[in-house]
Every structure is written in C-alpha cells, then in structure tokens.
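Two forms, one chain: they're shown below as structure tokens, one block per form, named structure 1 and structure 2.
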Structure 1
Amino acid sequence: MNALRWWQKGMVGVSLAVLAFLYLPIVILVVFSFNDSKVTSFPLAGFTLHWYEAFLSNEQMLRALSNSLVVASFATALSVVIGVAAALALDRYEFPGKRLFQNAILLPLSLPGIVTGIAMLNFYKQIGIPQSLTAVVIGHATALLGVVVSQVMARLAKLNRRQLEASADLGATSVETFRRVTLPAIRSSIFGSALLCFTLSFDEIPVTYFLTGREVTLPIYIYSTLRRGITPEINAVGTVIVAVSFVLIILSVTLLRDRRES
C-alpha cells in the first residue's frame, strides 16, 4: 500500500513537472511583455504597457495579424463544411474506394508540414493558382480537413441508428432528420474541431511559408523578425493571443455545457 502511494505521488510529481515545463515559457512570455526594458532577461526593470502600445501602432504587425485571422476563419469554414459532408458520406454510404478516400483525407495529418507545403506549391503552379492568401486558405483547409472528418466520424459512430430510423418512420425528410437528430448529436464535435482547425491554421508556418505571396501572416512575420532577436512587441502580441485563446476555450466549454444541460 505504501509503495502504491509513493508510486502515485511520483506520477503526480512527474505530471506537475511536465505541465510546468510546458506552461512556464508562456508565463515568462507574459511577464516579459510588461517588462520596462528591451532586454528579455531577469531581473525585471519595471512595469510598463509601452510594448502593447508599440504593438497596436505597428501597422505591419497588425496587418499580419489581420491576415492570420482572415486565413484561419476561411480555412476553418471550408474545413468544417467539406469535412462534415465527407464524414457523413463515409459513415452512411458504401462505395468503391471508400477506404482509399478516407486514408487520402487523413494523410495530410501524418505528413510533415514542409512536405505538404512543397507538394501544394508544385501542384498550384501547375493549375495556375498564384502564391497568395487565397492559396494559403485552400492549403490550410486541405491539410486540416482530416481533423474535422476524424472528430465527426468518431461522434457519428456513437450515434444510435434507431433514432434515425424512428425519424424516418415518423415521416421526417433526410434534411429534417439531419437538422433535428444528427446535427445535435455531432454539434459538439463540429464546434471542437472548428476551434482546433482555427488554432492550427492561425499558428501554421510550413505550408504558409511556401504558399503565401507578398501578404504574410503573423507567424511568418514573427519568424522573419526573429533574425533580429525576440522583441518586446512579440511578447506583447503573444500575450494577447494567449489571453484571447483562453477566453475562447472557456466560452466554448461553457456553451457546450449549457447545451448538454438544456
């Protein structure tokens, strides 16, 4: 019994150490964003909001942030619309090449980003799509399609088929059955996969690096400025992104909990 307790305490200690290793850099990022010095080192020189003012007055960084939000929004919308339709088709219908089709959708998830980026760049050149934010949106949606399909299919596998049969027996059309039976059952997986797609698209670098043109996204902008070192402005924008992400996660959990309770 004592050995088991020591083993449990050891696992708790390891877990806490891993969490600290993962989240301590974020805490340091937030702390240095308020440091009244350009040098990112301890001890802190003082408290200031100057770097947030500098971030909000940096037109290039704001433009890159706007591009990232636009790309992530459109890529998420495309991934959700196409992904839900693909998941429903894979779940309900049998057709030749079904397994190959499913593996092809999930393949980008297992490929390195640099390989996906180079492949998409070569393909887009062949079909006449120039390097631009539009190409980035298409590339992100293609790469993230597997996220939506895998999440929605996992939820569809738990759906009681008798509910669908009962809906049809009561005279509901396929559209009504989807709206009143299927959609409420997979709504949380759609919302969760959309949030994950938005986050991955917003932070994506390899595919964006190969497909973007003159307009750059925020990760590419930060990557280009890192050659001159980490500036306090980057710490400030990173803190804002962390805060917004935290609020969105709390909001999504709250909404999903209210839906389940209702």
Structure 2
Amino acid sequence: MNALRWWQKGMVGVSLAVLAFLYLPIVILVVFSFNDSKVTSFPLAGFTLHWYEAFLSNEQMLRALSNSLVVASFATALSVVIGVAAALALDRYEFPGKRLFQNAILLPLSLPGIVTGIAMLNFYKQIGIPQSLTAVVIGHATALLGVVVSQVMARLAKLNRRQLEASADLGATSVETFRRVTLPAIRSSIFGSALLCFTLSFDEIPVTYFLTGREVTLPIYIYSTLRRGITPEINAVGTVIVAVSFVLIILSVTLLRDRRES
C-alpha cells in the first residue's frame, strides 16, 4: 500500500481520538474511585480505599445490588428457557406469522426502553400485578427474549442438517437427537446469550424504572442518588461494575465466536 494521503491520515487521527474518547471517561471513573477527595477534580489528592469501604458499608446499596443480581438471574433463566424453545421452533418449522413473531420479539431491542416500560406498566396495572421485583423479572425476561432467539438461531442456521438426519436414521428419538447433537452444538451460543442477557438486565433502567416498587435495583438506586448529587462512592461501585462487566463481556464474546466450523 502507498503512503497514506492527508485525508487518510486524518481518518486515522479521528479514529484514534474516538477510541480515546470511548475509554477516557471510564479511566476517569476508575481513577477518581481511588482519589482521596470529595470532589472529582484535578490535581489528584492521593490514594484511598475509603470510597470502597463506604460502598461496602452502605446497606441500601448492597441491598439494591443483591436485588439486581437476583433479578438478572431469574430474568436470564426465563429468557433462555423460552428463547431456546422459540429459536428451535423458528429454525425448524415454517408457519404463518413467523416473520411477525420474530419482529415482535426484536422490537424491545430497537425501541427506546421507556416505551416498553410504559406498555408493561399499563398492562400490569390492568391485570393487577403490583409494581415489584417480580414484575421487573417478567419485564426483563420478555424484553431480552430477542437476544437469546437471535443468537441461538444464528448458531442453529450453521448446524449441519445431515447430522440430525443421521441421528434420526440411527434410531435416535427427537429428544435424544436434541440432547446429543443439537444441544452440544448450540451450547456456547446459549451461554453467550445468557451472559449478554444477564449484563443487560443487570444494567437496565427504563423498564425497571416503571415496574419496580419499593425494592429497587442497583442502577435505579444509583440513578436516584445521582439526582440528589454526586458522591465518590458511586465511582467505587461503578469501577466494580466496569471490572465485572469486562470479564463477563470477554467471556461471552469468546463463547459466541465460532472456533470450529461444523
């Protein structure tokens, strides 16, 4: 390739700036979580773990954290069970309304969360489900179904059909074929999408905002704290969340990548 032209150099410059732009705020969050000062300003005032201690002794925050973990776990489990069944049916059968169904489950992913939240709130009020963490779990599981279905279907589309036929020819029942051929092939996409669901549910605000009652999740707790003002405690809990998300993301991406083509 020839030397880069001025406009290509410009594009490289912009790209590097954008990458910096994407990470600088996260770095600032982490740095200030260890900064020994009540305000987030330079020059840095020295190293402290005080904000982590404050976060670990803040009972409301810990309660919100455990609520979030519970909600994300249940929502993920529901999403995976329903989503995998849906993906298998969508992959295997042709039926009227198939496209419509697929579009419907993808809708909450491209629609601003607030609309889905309001729709569910209206519905729950009509049928008398009170605002609660249970309502949040059902809401998340429903809104995240599209994640599981699209990931698992993408993997199923690559599955070698002849393996399924061979299994059937050898006398395996459809349950056996599922357990011994299909499931091993889609297992990594199930784990990967489960991790994505978990992360998304753990972080979700708009749907949770409308469906939750007195018990709140961590993002809602942080959100309401932020409206009153900033404490560096948020930087500490933020840093922990960032660290955990990085691990989960890397894990899920590794699982979703196809290492061996069948």
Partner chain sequence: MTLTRRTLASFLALFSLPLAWVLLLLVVPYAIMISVGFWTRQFPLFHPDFQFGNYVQIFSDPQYTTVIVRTLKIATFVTLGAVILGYPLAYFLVFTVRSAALRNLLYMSVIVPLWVSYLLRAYTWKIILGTDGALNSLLVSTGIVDAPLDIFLYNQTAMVITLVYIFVPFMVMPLFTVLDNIPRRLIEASEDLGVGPFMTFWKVIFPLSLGGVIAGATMTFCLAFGDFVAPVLVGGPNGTMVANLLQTQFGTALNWPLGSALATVVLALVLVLLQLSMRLDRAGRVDLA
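We call the rigid core the largest set of C-alpha positions that still match within 1.5 Å between the two forms. Just so it is clear, the model here is predicted, and its values are computed rather than measured. Here, residue number means position along structure 1's sequence, counting from 1.
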Do you think the form predicted on its own is shown as structure 1, or as structure 2?
-> 1
Large Cα shift (2 Å or above) at F95 between structures 1 and 2, core-fitted = yes
Quick one: how many Å does the C-alpha of G13 shift between structures 1 and 2 once the rigid core is superposed?
-> 4.3
After lining up the core, report the Cα displacement of S245 between structures 1 and 2 in Å, one decimal place.
-> 2.4
